[in-house]
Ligand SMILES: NC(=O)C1=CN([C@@H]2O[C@H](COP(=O)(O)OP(=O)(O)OC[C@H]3O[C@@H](n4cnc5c(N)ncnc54)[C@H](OP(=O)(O)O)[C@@H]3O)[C@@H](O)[C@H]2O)C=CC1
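Before any questions on how it binds or moves, here is one chain, the form predicted alone, in structure tokens.
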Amino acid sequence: MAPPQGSRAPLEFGGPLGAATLMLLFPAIMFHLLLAVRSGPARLLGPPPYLPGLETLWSPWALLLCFTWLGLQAALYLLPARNVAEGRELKDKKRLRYPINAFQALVLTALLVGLALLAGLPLGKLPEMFLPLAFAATLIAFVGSVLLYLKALVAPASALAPGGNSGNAVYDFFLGRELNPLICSFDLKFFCELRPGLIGWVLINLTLMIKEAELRGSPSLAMWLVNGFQLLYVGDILWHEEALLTTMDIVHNGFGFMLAFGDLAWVPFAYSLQAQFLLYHPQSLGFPMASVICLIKAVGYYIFRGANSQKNIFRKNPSDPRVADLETIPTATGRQLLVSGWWGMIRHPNYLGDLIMALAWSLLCGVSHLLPYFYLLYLITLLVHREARDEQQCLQKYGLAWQEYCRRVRYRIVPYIY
């Protein structure tokens, strides 16, 4: 086992106390959202309408469904891929190879769900099981994190994450000790990052739309739009799966409770909050307002996709005609920092696009409740914190070049505001 980094490595998330707090806080928030959204007042703030007992939360059928879902997505992950990409160079100079077939998995899952509906599978009953399903997903994430931590204890030093080897068990369990835990060539973190949670989110939205059709005869316009908006978002991410290999989660973060719970439980059950809200609190949405919201969504998506595509093209080939004329700043690492185009306007234009899209999703739920705006408030907090972490890492990595970039590009996420 590698010697702990101890005080030599700055601890994130408030150190061990912050990590322990977040491990309790986020599951509690998720269950609060699931309880509040189906209650009459649908209050975001204040105590939950009731505290469910273990008999409500625990269901062996829910656990079996979760394992079946994970097994299905793992099987699709192992299918021949349209492309195989190499990750960043690791400490031992090796590069892992990743199958790029997440969008293929989404399409095949959609076909299987379609066949299940034709066969009469009652997917509309799934929303009634959200509490036990969320509990089962949380249990899987916790037990899986324990196994990942034990596995990392015997991992070589070259396999450890930059920040997950502090020597404090609570902190390392939360952040993740091993950077790329493998079972043979099956990368657990890469698999969990997109497939079970994001595709599960889309499936949950679909079951909510089916349930609304059963209750009211047909899905509402707002439900159609929230399903379409979020399907576009998920499909876009899965289509550009290779871009994940350069993100903070893959390059820097270990695979511990933070990512395991986030990928398997938080994403499908918290991110589907707008569709859940519309099922229990239907909204009357006219075409004029729907058109305005669609325009907001389109603007957000245009910024999000334009910024991400420009960055990915530049990273693959700086000589590509689409980015060759962009101004750059050389760094001591040999890489170039974009200082024009999208990345010359603000430091994280993709985050701005993400926030605008989140606003559109929330507006579909009206303005009478704060609850469906939780995702927007959470995303603001998440992206501001992630931007601060990214800022520190880029400063350590690029030094004076990053300082020059920040001098030339003053605003971080929102022009003239932040």
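None of these values were measured; they are calculated from a predicted model. Just count from 1 along the sequence shown to find any residue number.
One more form of this protein should be noted, the form predicted together with this ligand, which is absent from this view; the next part is about it.
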For this session: Determine the site state, open or blocked: transfer this ligand from its pose in the predicted complex by superposing the nearby C-alphas, then count ligand atoms within 2.4 Å of any backbone or C-beta atom, with 3 or more meaning blocked.
Result: open
Problem set entry | Contact of N308 with this ligand in the predicted complex (heavy atom, 4.5 Å) | yes
Exercise. Given that the partner is absent here, does L382 sit within 4.5 Å of this ligand in the predicted complex, heavy atoms only?
Worked result: yes
For this session: Answer with yes or no whether K397 is in contact with this ligand in the predicted complex, where contact means some heavy atom within 4.5 Å.
Result: yes
For this session: Spell out, yes or no, whether the shortest heavy atom distance between Y375 and this ligand in the predicted complex is within 4.5 Å.
Result: yes
Exercise. Quick one: of W343, Y149, F135, Y171, which gets a non-hydrogen atom within 4.5 angstroms of this ligand in the predicted complex?
Worked result: W343
For this session: Would you kindly say which of Q336, S145, Q104, N180 lies with a heavy atom within 4.5 Å of this ligand in the predicted complex?
Result: Q336
For this session: Spot the stretch among 389 to 397, 44 to 52, 63 to 71, 30 to 38 with residues whose non-hydrogen atoms come within 4.5 Å of this ligand in the predicted complex.
Result: 389 to 397
Seminar exercise, completed: When this ligand is considered in the predicted complex, the residues of 342 to 368 having a heavy atom within 4.5 Å of it are W343, H348, N350, Y351, D354
